[in-house]
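Before any questions on how it binds or moves, here is one chain, the form predicted alone, in structure tokens.
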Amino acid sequence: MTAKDIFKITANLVVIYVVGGLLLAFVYAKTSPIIFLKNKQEKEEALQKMMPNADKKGIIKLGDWYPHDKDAEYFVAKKDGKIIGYIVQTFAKGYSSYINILFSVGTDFRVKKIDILHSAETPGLGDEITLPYFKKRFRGKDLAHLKVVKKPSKEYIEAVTGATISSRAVTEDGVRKGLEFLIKALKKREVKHEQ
């Protein structure tokens, strides 16, 4: 192979990489705004599902927090200008993944709903945390009752059979820690408003 052949191959590869890079940049520039708007719409719909009684523009972001060094948000929900509850996004360390959780509470700080936004827990076991029967177990629970037990219970959260780690992650590492954070954050806001 001569120096001329090496130069041709190198030039061809450079052209291919430049053209490929320009194509990728063009596709990204065209799709990025669409993806951003779609994500924003999905987020608004998920928040509205957590607090269906809130006004259409009544769910307002209060701030950010960082469970497990992940970026999460918390919100206040209003109807006719009156606070009807709060929504918290949180993350929990499950058996095989971080679990992205969204939950809502009323002004009494009792859980109204939870949703699992993302999870990669074990199929057939830990992934049952995403099913309605498990999520319904949270309804009406306050901070003192967000605890996992391995036997049937109306007072606490019954673990999914064979998936105690995932159940505990959602309940204690996710929802309970998120609710503890929310209560502290709201108290800090009250103190600032009083000063």
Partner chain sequence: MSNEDRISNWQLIKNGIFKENTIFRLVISLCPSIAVTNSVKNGFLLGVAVLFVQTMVNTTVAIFRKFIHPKIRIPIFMLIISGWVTVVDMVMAAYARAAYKEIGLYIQIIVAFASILARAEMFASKNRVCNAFFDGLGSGLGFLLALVLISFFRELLGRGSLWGFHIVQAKPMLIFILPAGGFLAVGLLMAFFNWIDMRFYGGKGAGGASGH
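In this text, all values refer to a predicted model and were calculated from it rather than measured experimentally. Residue numbers count along the first chain shown, from 1.
Separately, the form predicted in complex with the partner chain exists; it is not shown, and the next lines address it.
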Counting only heavy atoms and a 4.5 Å cutoff, which of 68-76, 84-92, 119-127, 101-109 contacts the partner chain in the model of the complex? 119-127
Taking the partner chain in the model of the complex, would Asp5, Lys8 and Leu24 all count as contacting it (heavy atom within 4.5 Å)? yes
If we test each of Ala144, Val149, Ile60, Ile35 for a heavy atom within 4.5 Å of the partner chain in the model of the complex, the one that passes is Ile35
Report yes if any heavy atom of Ile183 sits within 4.5 Å of a heavy atom of the partner chain in the model of the complex; otherwise report no. no
Does the 4.5 Å heavy atom contact test between Ser153 and the partner chain in the model of the complex come out positive? no
Using a 4.5 Å heavy atom cut-off, state whether Asn39 contacts the partner chain in the model of the complex. yes
Would Thr31 count as touching the partner chain in the model of the complex under a 4.5 Å heavy atom rule? yes
